[in-house]
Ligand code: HEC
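Listed next as structure tokens is one chain, alone, in the form predicted on its own.
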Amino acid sequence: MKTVRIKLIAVSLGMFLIYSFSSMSQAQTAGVWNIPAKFKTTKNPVAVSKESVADGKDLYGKHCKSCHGAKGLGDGAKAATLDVSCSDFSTKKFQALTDGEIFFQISEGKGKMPAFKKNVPEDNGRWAIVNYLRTLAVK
């Protein structure tokens, strides 16, 4: 009787763990970002200018374009090889994010998207990318 109870507990625990990891994976691919509150109100210290947008565009071309596409529509060459969709930066939903939220996403990454605080170590570079992404809004 004790052996049956132990096996039942082990099976239940196993099912719980499978469900938990499955839920976490679905949340990651469903576009759910857990952004700390401080980033929602963080202001971009890099002023929007021709230079900052050009710098952001250059960095975007080197680090983001392959997945997100030339116009930020999520249709880059690598996008088709991924099992998740890449963000479309032209949407009202994306453009409604604060600069701080976008900066956090670029910096920390999630799932298949790498953390670009390593690839673009200067904060001002990542802020410049935010400035460039603002130019991709549907007009």
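This is a predicted model, so every value here is computed, not measured. Residues carry their position along the shown sequence, with the first being 1.
Only in words, not in the display: the form predicted together with heme C, which the text now covers.
Proximity of C86, I102 and K112 to heme C in the predicted complex is complete: all three residues have a non-hydrogen atom within 4.5 angstroms. The closest non-hydrogen atom of A70 lies beyond 4.5 Å of heme C in the predicted complex.
Under a 4.5 angstroms non-hydrogen atom cutoff, heme C in the predicted complex lacks A128 among its neighbouring residues.
Remark: L97 counts among the residues lining heme C in the predicted complex, judged by a heavy atom distance of 4.5 Å or less. By the criterion of a heavy atom within 4.5 Å, K40 is excluded from the residues contacting heme C in the predicted complex. Annotation for 66-83: interface residues with heme C in the predicted complex are S66, C67, H68, K78, L82 [heavy atom within 4.5 Å].
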